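The data below hold one chain only, encoded as structure tokens and taken in the form predicted on its own.
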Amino acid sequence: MADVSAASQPRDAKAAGLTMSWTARIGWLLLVAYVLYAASLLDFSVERFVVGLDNAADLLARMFPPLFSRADLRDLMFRGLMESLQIAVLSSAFGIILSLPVGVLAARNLMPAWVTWPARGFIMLCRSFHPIIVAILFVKGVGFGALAGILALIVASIGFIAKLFAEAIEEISLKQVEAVRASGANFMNVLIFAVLPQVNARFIGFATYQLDSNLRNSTMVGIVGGGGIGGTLLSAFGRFDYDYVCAILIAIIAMIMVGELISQRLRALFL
């Protein structure tokens, strides 16, 4: 009995996934080797990391206490925060509205291939670049200001919401769609009465999440000239006003927390 149990242990361990195949071992070794190789190319060292920690400690010491006492800086920070909030709300609203038709056109169970492929290509194009890169392009196109930030975040919103909306439509039950079609309904009625009721909850979740994301990204697009608090933050860094930088960062964190609470209330209200 003891021999049988001892012989079965390696088999049980392998069945439980405690041993790796030679392919998996080689894959892990190649991954470790590439990580070491990349670290050597990027001049990463423990010494530089330790020096960075010292510099970070010095920076944090210069950031505290945060500067909230000057009225002119408070007003400047408040205007930047309000502009970031407006950028986030407007870009989310337009992005959500535009994502609806794009997501429907990209759904392969509703549309033919010659429609879905261009729609999915457009979504992929919107998702290909970070909002900061898109904001730089719009700043070059329409100039500095909030418009460039709004357009950049609209593109980001379409790339996120339209993709997930199309995937949600592709997962619906087609029985309701066929039943509504059998009644002689046109395509819009099929969408309203058969498709949207099945994806409504998920779409609201996508929209509220994108609002949170745009609220965070609206603080970044200003760094490249897209309006909002980001420009104020960059200027404070350029003047080495680290106590004012800390005040701006605290205000941004507070705004994001308030936005998260509002998003939770919206989910509870509509879902």
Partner chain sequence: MSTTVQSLEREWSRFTPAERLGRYFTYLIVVAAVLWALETVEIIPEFLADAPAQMVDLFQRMWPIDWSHYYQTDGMGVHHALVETIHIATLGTILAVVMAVPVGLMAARNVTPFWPANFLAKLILAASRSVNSLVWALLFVAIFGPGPLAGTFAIAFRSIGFVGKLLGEALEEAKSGTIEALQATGAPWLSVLKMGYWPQVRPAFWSIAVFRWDINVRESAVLGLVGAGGIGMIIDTSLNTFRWDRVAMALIAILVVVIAAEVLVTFVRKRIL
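As the structure is a prediction and not an experimental result, all values here were calculated from the model. Under this definition, the rigid core comprises the largest set of C-alpha atoms superposing within 1.5 Å between the forms. Positions refer to the first chain, counted from 1.
The protein also exists as the form predicted in complex with its partner chain; that form is not presented, and the subsequent description refers to it.
This chain is displayed without its partner chain, yet in the model of the complex the stretch 138-146 from 169-177, 138-146, 188-196, 102-110 comes within 4.5 Å of it by heavy atoms.
The candidate spot formed by 98, 164 and 207 is out of contact with its partner chain in the model of the complex: none of the three has a heavy atom within 4.5 Å.
Residue contact with its partner chain in the model of the complex: residue 258 places no heavy atom within 4.5 Å of it. A residue is said to contact a partner when one of its heavy atoms sits within 4.5 Å of a partner heavy atom; residue 26 fails this definition for its partner chain in the model of the complex, lying far away. Of the heavy atoms in residue 55, some are within 4.5 Å of its partner chain in the model of the complex. Using a 4.5 angstroms limit between non-hydrogen atoms, residue 86 touches its partner chain in the model of the complex.
Shown without its partner, the chain has 233, 234, 237, 242 in segment 227-247 as residues with a non-hydrogen atom within 4.5 angstroms of its partner chain in the model of the complex. Relative to the superposed rigid core, residue 38 undergoes a CA displacement of at least 2 Å between the shown form and the other one.
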